[in-house]
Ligand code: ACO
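Just one chain is shown here, as structure tokens, and it is the form predicted on its own.
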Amino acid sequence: MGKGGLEDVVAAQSAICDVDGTAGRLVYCGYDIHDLAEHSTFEEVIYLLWNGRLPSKSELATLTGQLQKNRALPKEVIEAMKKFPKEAMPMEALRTAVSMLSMYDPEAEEMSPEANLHKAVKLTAQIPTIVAYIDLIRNGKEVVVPKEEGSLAESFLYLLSGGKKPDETAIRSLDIALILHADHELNASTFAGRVAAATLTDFYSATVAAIGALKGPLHGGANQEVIKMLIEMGTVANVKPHLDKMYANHEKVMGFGHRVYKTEDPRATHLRKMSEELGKRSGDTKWFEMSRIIEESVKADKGLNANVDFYSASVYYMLGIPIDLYTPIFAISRMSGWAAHILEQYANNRLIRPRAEYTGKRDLKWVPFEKRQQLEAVK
């Protein structure tokens, strides 16, 4: 009998992303994540994931221009979003809005490589706009028309603020966070997207499948739980007593451990540094200091390392991003990886159809209703 959750089962061959859990390495198309986070931009990483190589200057300019030109949403989708229940979860609103986009794309059912690449560009450009509009609309604010300039990170922060120009530190911090979250091999949402794509359903449907999987708290929602824990602790002095109480109640400390990594998650390395830098910039290092104490304690007491969710929580919080938008921002970044995997699946497709090991009863015989009732009475 195999391990549950398909653990250690190789389900696909891919040239997009390599996760070395033993060495704690994350590689996009041959490039180490540390190298990319230090020197690259999110747009450059998008090109890399979709094409398997870094772009030339003109190729990057072309892709950036395409992303800039496709940020606006169909007016019908905006009007529909205004009618969503105000209490709807952002991930529900995102899932629904992305599904609607297909009905206003004349290429939605076109399956040529060129058409699917167009859809990859559109979705990668439009999802940040959707997420920003979700927050503006629910707060009774007017939506802002996206500008056809600047990076994806800059555009999102501009829209989310209702049209205020973000500072360079915030833009670069979010840009690095988007690079770090862009892909992670066959995680649950990416696998869901590939399974859907393997049926030759359209690009939008495959993306909605991925969004549905990301919505789950065991995948995309952990950093929300981390910041809620930090806020509940409140002060550095309360960290240890709060942790002791969690241990006594057998509560899980979110943001630690990983199915694949046996050492530190390399993405956490950069996010830890960003959390510290943003704290110093704002003059309030409390959230970083609290996080560091928790990290050291959980490592000492449980032998677990921080993962990507742990420090992304304080980073997003210090950027002023509403807590329930953390998972949608994950989707903003991961759309680039989903697109890469969906395109790869279409290019060399075979229906994904695993088997299940049957553990139920055998050789039962059908009996009429009267005898079933008698059997139930005997039980």
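Numbers for residues come from their place in the sequence shown, where the first is 1. Here, rigid core means the biggest group of C-alpha atoms that superpose within 1.5 Å across both forms. These numbers were taken from a predicted model, which means no experiment stands behind them.
Another form, the form predicted together with the ligand, is not on view; read the next lines as being about it.
- Of the heavy atoms in K141, none are within 4.5 Å of the ligand in the model of the complex.
- Within 4.5 Å of some heavy atom of the ligand in the model of the complex lies at least one heavy atom of F256.
- The shortest heavy atom separation between G162 and the ligand in the model of the complex exceeds 4.5 Å.
- A residue is said to contact a partner when one of its heavy atoms sits within 4.5 Å of a partner heavy atom; L218 meets this definition for the ligand in the model of the complex.
- Screening A222, V195, L152, L73 for any heavy atom within 4.5 Å of the ligand in the model of the complex leaves a single hit, A222.
- Think of it this way: in the model of the complex, the ligand has a heavy atom of just one of K245, K280, K147, K252 within 4.5 Å, and the residue is K252.
- Contact annotation: the ligand lies within 4.5 Å of heavy atoms from the stretch 305 to 313 in the model of the complex, the single such stretch among 82 to 90, 113 to 121, 305 to 313, 131 to 139.
- Within 4.5 angstroms of the ligand in the model of the complex, the stretch 327 to 343 places a non-hydrogen atom from F330 alone.
- Superposition of the core reveals a Cα shift of 2 Å or more for H250 between this form and the one not shown.
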